[in-house]
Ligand code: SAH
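The chain that follows stands alone, in the form predicted on its own, written as structure tokens.
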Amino acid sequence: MSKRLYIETLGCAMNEKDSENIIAELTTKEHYETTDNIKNADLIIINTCSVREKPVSKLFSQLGVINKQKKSTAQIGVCGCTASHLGADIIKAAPYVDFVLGARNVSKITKAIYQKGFVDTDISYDETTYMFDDIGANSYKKKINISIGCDKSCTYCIVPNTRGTEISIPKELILDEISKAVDSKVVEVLLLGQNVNNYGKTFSNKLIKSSFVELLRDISKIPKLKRIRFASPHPLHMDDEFIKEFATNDKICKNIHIPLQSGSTKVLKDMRRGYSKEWFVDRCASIKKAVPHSRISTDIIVGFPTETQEDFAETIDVINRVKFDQIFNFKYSPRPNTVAKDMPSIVPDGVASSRLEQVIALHKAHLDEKMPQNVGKELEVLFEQQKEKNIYVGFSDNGYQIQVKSDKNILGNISKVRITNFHRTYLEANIK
């Protein structure tokens, strides 16, 4: 009889990809099958995030609940970024946890489950040439890692301390993984890395040479592949060659995530982001000029320790100039082992909360202005989810979420639609 695996994933798309790799390893090598019922599981894994303080603080209360719910013979494992930075302290605080596996050590999962008290959080471990098992595509899209780790030193960010230094995955392995995926039903890939457009800077084999633009060109030559997305590029590496490839490569979807973090050049310097406000605005303007229908999303942190009211006004100015299509808003959260944690803050918590509310309100106003302009437009949509009996959901090339009614099963189809109605976060359409 197969053993049952329950896995809960917290955090970003890279965490989701790590969970997919864990599932593939355990199902193909250890004969597990996944379950949504934690009470029936033989193995329970929490794949954690540590970018924000709140998910970390909730981990131990969550583990306590799991320990009460699980059957007596079930194992509990903690994986991911919080595992990387807390390590054995997790087992000290929660002795019923059977193993701890860091974000850079996913390939060791089949070893961890057999050793009570197993802890491996080595952030220098190199998995870039490890071929994870693949259980086959279960959707029309697939996440593809193109690098691991991060070579930046942003003062607020814990990721280099949980995922290690950046190493790119050899291009041949990436192309092989994508080719296998599209031989099934995959038509769209999402390329993942902390800074994808820094791809090729460092390989395990120092003789390998490539760049992100070269990688995009080679991926686009795979015949059955229809769409390429990537997350997230770094503004610092958005040179003209990159923007030209984004604009002219027909397989690259025309929505792009460009993390701003702050609109103040002074705060960006304090954050060690490596670019200025003017550079960021210029890059967004260049993208919009090259691809007028493109959509730009971003990340914004308010309440960074050195952020004055004038600095915050600069952030508001960038939001008004770019008019982002999506903003992931965060109030600064001090993280362990970061430079910013020891910076004296000039921003009271109430002021940071007020600034966050202002960003949210301004973004909503921009959406209320922009979304109605889509009515009557035609877009091409990949349908990937059946929401109700005859309601299908998909995404346009430029990243709009689209809902249509159809009596036919259109899952996996890329169909042309005409927009008939709008909401703040999605559009309604009819298939043409």
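In this text, all values refer to a predicted model and were calculated from it rather than measured experimentally. Just count from 1 along the sequence shown to find any residue number.
FYI, the form predicted together with the ligand isn't displayed, but the following is about it.
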Per contact check vs the ligand in the predicted complex (non-hydrogen atom within 4.5 angstroms), the hit among 238-246, 154-162, 354-362, 107-115 is 154-162
Looking in the predicted complex, any heavy atom of Pro259 within 4.5 Å of the ligand?
yes
With a cut-off of 4.5 Å between heavy atoms, is Phe99 one of the residues that contacts the ligand in the predicted complex?
no
Does the ligand come within 4.5 Å of any heavy atom of Lys405 in the predicted complex?
no
Give a yes/no on whether Arg335 approaches the ligand to within 4.5 Å in the predicted complex, heavy atoms considered.
yes
Position in contact with the ligand when the complex is considered in the predicted complex, options Arg52, Lys58, Lys39, His31, heavy atoms within 4.5 Å
Arg52
Given that the ligand is left out here, which of Arg227, Lys254, Lys323, Lys331 has a heavy atom within 4.5 Å of it in the predicted complex?
Lys331
Select from 264-289 the residues with a non-hydrogen atom within 4.5 Å of the ligand in the predicted complex and write them out in sequence order.
Arg273
